[in-house]
Ligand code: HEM
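One chain is shown next in structure tokens, namely the form predicted alone.
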């Protein structure tokens, strides 16, 4: 602002300006020459603060709530809410129906004949060996990371990087052309390898220690006992649990399905997407098209998730401390040691979850191949 216009203004007009800026109207008035430029600066800074501050505050303070609101608005509530409502109605109906069935004399007689516990061979072992504890941890550890990376492969729009294995390396054996995949798929495939190796060790130990007798049906009474256990669960009057000695028939069938059916299906369908698949063998690819593998692989993953959710639920609601000691410390006691080991395993899994980010997996992947955008 130039000094000439200010000097031409009467002295009385300067006082209201100072009054608006918070000055004292009774204070002595300074000369226009000494007041004009500082007053202009004060007015400019005040106007800037008054116009900018109100806009800046909502932008920073409401950023997180706005993001949450955007995500909530993207959820298709019109489809989800009716589905949840129908699910609740179906669950209540199932419970009421199961309770009514259990009041019938014929059903009561059936439950007495088949209480839910299958007949085991006389040589079936009691208790759980120590190796079962670290197997429980490793199975949970690999399953969490495999499901996470598998969903990332399925839903990622842009891969963090592309991985091409070295020719003749582990991920591209001799006779096959190096296949370019996303870094996430390479990590998923690598975790699958570790999971399969751990599964093979589990199967060997299962038969060496005769623990297979607890999860492999050896008597046809497993079918009526499974129906009995299912009815007891549905009526919310659950069958007696004693995992140290035996599993009920429904648990036995679930474990058998998981180990001997679901796991092989996951391996066979996953192999079709892997860098090991011999693409040059057109006949083999025609016999086993990739579309079939896709239709199998994802439902099998959903089965593993559902099995894990039900398994964890029953562990915690049928005697958590005793069950966790069975699973992690191989002891039939009720104390807090098993729970402590379980919490520690969750911490280790959470740390691995962080270490599977591209920042940490890139250097490892570069040892087996090349990365590109």
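Just so you know, these numbers come straight off a predicted model, no measurement behind them. Positions refer to the first chain, counted from 1.
This protein has a second form, the form predicted together with the named molecule, left out of what is shown; the following refers to that one.
Residues with any non-hydrogen atom within 4.5 angstroms of the named molecule in the model of the complex fall in just one of 158 to 166, 78 to 86, 105 to 113, 140 to 148: 140 to 148. Just one of 255, 233, 277, 288 comes within 4.5 Å of the named molecule in the model of the complex, counting any heavy atom, and that one is 255. Among residues of the shown chain, residue 247 is one whose heavy atoms approach the named molecule to within 4.5 Å in the model of the complex. Contact check for residue 180: every heavy atom lies farther than 4.5 Å from the named molecule in the model of the complex. For the chain shown alone, residue 243 is a contact residue for the named molecule in the model of the complex, at least one non-hydrogen atom being within 4.5 angstroms. Among heavy atoms of residue 315, some come within 4.5 Å of the named molecule in the model of the complex. Residues are counted as partner-facing when one of their heavy atoms sits within 4.5 Å of the named molecule in the model of the complex; in 287 to 325 these are 294, 297, 298, 301, 304, 307, 308, 311, 312, 315, 316, 323, 324, in sequence order.
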